[in-house]
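This document opens with one chain alone, in structure tokens, the form predicted on its own.
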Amino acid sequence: MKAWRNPCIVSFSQALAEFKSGRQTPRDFLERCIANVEQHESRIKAFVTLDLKAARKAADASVRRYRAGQPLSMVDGCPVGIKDIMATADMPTQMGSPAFKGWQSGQDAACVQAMRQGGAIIFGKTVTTEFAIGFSGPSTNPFDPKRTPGGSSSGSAAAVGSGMLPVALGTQTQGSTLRPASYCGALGFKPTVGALHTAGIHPLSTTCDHLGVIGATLEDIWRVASQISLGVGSPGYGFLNGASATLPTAVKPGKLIRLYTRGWTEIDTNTGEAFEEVTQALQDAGVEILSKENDQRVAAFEDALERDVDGALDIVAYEMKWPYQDYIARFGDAIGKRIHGLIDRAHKMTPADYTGLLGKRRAIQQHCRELAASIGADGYVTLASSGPAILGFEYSGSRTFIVYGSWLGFPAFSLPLMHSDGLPFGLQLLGIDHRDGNLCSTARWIMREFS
């Protein structure tokens, strides 16, 4: 198969050897990113705030460390975009909301602190939809300015996909890291829920919010996720499985489970054919693909998923009551209609309703673990979006394919392998909780095999 190749991306990991040899410096790399910003930002509108003076100062400090042979960490000199729901001490954090225009926290989120301490270059704040769930911001798709970049990590994905940054931080509560990565031809990683510290990130749903990473290459993503994990840990969780400056070894999967969920009713012919080409290529490479068509255990699992997945948004809505009902009381119509609707939805739920939803989710999580173990599967495969980016900006695209993994809280990657009419979209690789490094090994093999 002929995999998608993004001609725009810039990779920090690929430049790292030159930093160490002196053939290129972190300042040189930063200037390349800035040149791409100057070329593309007026069209793509990925950033809310840029601080190029501070970025250049940080890059020059990184140059001195490399020349002394003393880089601070695996991300020293890496320019990073920060989604504008993550607190930054030196830049506003506005949550995509007019109610918070110009607001500053005065401190860094845990993930930002970990990146700064590792010598990363905090490049700017990227556009988010309102509170990562409401109306869209101004960002456009790198490959067609008439199309959405996806949400809610709109600016992060657009910046990486257009080569303005090698990596940017995003979040995912339902589909907000993997979908924009898919639309923008970048890699996306949503770790096991809780694996990366979320303190200082404006909350939506305590049990569904994930800190995610969007990057040019798998190694860029893994370096940044590992630095955040090892830099600050995660209270009550510990550390990301497999976290290391070295990408986990590529391991060929023996078996993968293909998921046919309701999202397959949303796709067009080209999207379906592109996915079939990928799964056939996997089989040709010796990977066994199981599905509901050839294994009743998979069929039973999909039935259970479809029966209960609609409760995912109810969990989010119920957990949003704080602080959003206060925001509505204080700011009224400055808070978008979607958030008003979700809080209305939460007010119709009882504590018993919420408890029941949590119980159903626990049962599905266990079912997912047991199915993979009984089959001996290394993960699940499906689409990371319902095809390429859609036209327009009122709607940032369907979450249907990706809400399952967010609801479960299990790790997932979007791998930019497919395209239709010149527009990219991703293969979703979903794994089992607390085995993020194992899933990365599978993702690395797939990327190596087909890219």
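A quick note: this is a predicted structure, and the numbers were derived from the prediction, not measured. Start at 1 with the first residue shown and count on from there.
From this point on, the text means the form predicted in complex with another copy of the chain, which you will not see here.
Note on contacts: among 272, 98, 92, 238, the single residue with a heavy atom within 4.5 Å of another copy of the chain in the model of the complex is 238.
A heavy atom within 4.5 Å of another copy of the chain in the model of the complex is found for exactly one of 242, 379, 200, 134: 200.
Contact check for 364, 366 and 438: none of the three has a heavy atom within 4.5 Å of another copy of the chain in the model of the complex. Within 4.5 Å of any heavy atom of another copy of the chain in the model of the complex lies no heavy atom of residue 209. Contact check for residue 219: every heavy atom lies farther than 4.5 Å from another copy of the chain in the model of the complex. At least one heavy atom of residue 354 is located within 4.5 Å of another copy of the chain in the model of the complex.
In the model of the complex, another copy of the chain stays beyond 4.5 Å of every heavy atom belonging to residue 285. Remark: of stretches 299 to 307, 323 to 331, 167 to 175, 182 to 190, the one touching another copy of the chain in the model of the complex is 323 to 331 (heavy atom within 4.5 Å). In the model of the complex, the residues of 87 to 122 lying within 4.5 Å of another copy of the chain by at least one heavy atom are, in order, 89, 100, 103, 104, 105, 106, 107, 108, 109, 110, 113, 117.
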